[in-house]
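Quick setup: one chain, the form predicted alone, written in structure tokens, and binding and motion questions come after.
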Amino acid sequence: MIYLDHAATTPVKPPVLEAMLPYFTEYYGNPSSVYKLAQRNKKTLDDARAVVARHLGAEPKEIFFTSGGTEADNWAIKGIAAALKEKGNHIITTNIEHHAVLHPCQHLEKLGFDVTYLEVDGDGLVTPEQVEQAIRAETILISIMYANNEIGTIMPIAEIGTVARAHGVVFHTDAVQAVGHLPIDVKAENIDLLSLSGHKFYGPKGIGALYVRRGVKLPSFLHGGGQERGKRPGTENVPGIVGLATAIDLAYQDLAVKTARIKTLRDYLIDRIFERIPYCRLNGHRHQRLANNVNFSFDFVEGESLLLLLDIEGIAASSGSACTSGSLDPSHVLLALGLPHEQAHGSIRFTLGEDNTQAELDLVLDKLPVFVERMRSMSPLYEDFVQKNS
């Protein structure tokens, strides 16, 4: 199989699995207990917290482990809304956020909160000026993703953070697609809250974290025991946390070298698709995008059908977010870029990983133009289009 869906999930690296295994069978103690077996794991959690903090430019006490990015997003957004509801009821976000941000915002609207959904430009960008113009006296939270999961566009997070800090508004970023792939410094970028998920950078599923800047008052999202300093109850997922820390450590080793290699493959794939397939569009910013992201729309093609043809050949890709893959609706991200429904339905996302090779991409490039042409040959709309433009 040629796996090109790393934005959906990544395989657990062997060193990550190796680090996790003893905590299932040998070091199985509950960190909240007092005997040596348990206290050993308490130190393990402290060490893992310090590793994650170091790679974000944070302090260990600012890292809270969660079940993943969705929980972290929900906790950040609903938590700030609850903590600051006496101050104001206005939240600013964008119309291309992951549903783990959009749906909590929509839930809060039902409770009386006012949410501004900033529109992005054709490349999927919002500007710091847009954010500043949207701020009102009652604004309590700005939540803007670091990098988009579908089109790969990287937002001007540091500049937005500067605007938020200047106006005294809490700033949250969903960095699920960015952590482990981009250098991040929460202090330098004026980020107050940041969500991440381990399975996006070769760690295990079911484990993530929320960075909470010291001084930001965030109430508990769950209620129960006193774990995570009373903020996130529930017996800690020690194997998962060990895996998360190991994975983020590996991700940031030689990051510049790995990024340059993947970016070269990305640009190779983009250029060859443009060369070999007419009437297509690259979605997202051409350069200000994640190093591994390639998202194309092909006119007169249905994306899901194209995915099935690729899958038959052992090529795994996607037509958008894995969290909405069962939906028949076109991507809300692509519609926000201004694409018509039929073009949004014809989109394919390839997301590369560290093990992908140019030889694999050449195999994809051998199949993809053939499949696109086959599907277009069955479209009377395409035949009419060609005749009118010939």
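Note that residue numbering begins at 1 and tracks the sequence as displayed. What you are looking at is a predicted structure, and each value in this text was computed from that prediction instead of being measured.
Just so it is clear, the following notes concern the form predicted together with a small molecule, a form of the same protein that is not shown.
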Inset, instruction - With the small molecule left out of view, choose which of Thr94, Ser319, Thr153, Gln177 has a non-hydrogen atom within 4.5 angstroms of it in the model of the complex. - result: Gln177
Inset, instruction - Taking 4.5 Å between heavy atoms as the contact cutoff, choose which of Arg289, His90, Arg266, His199 touches the small molecule in the model of the complex. - result: His199
Legend entry - Residue contact check: Pro330 to the small molecule in the model of the complex, 4.5 Å heavy atom: no
Legend entry - Heavy atom of Thr70 within 4.5 Å of the small molecule in the model of the complex: yes
Legend entry - Gln253 within 4.5 Å of the small molecule in the model of the complex, heavy atoms: no
Inset, instruction - Answer for Asn149 alone: is it within 4.5 Å of the small molecule in the model of the complex, judged on heavy atom distances? - result: yes
Inset, instruction - Please determine, with the chain shown alone, which of 62-70, 37-45, 335-343, 361-369 has non-hydrogen atoms within 4.5 Å of the small molecule in the model of the complex. - result: 62-70
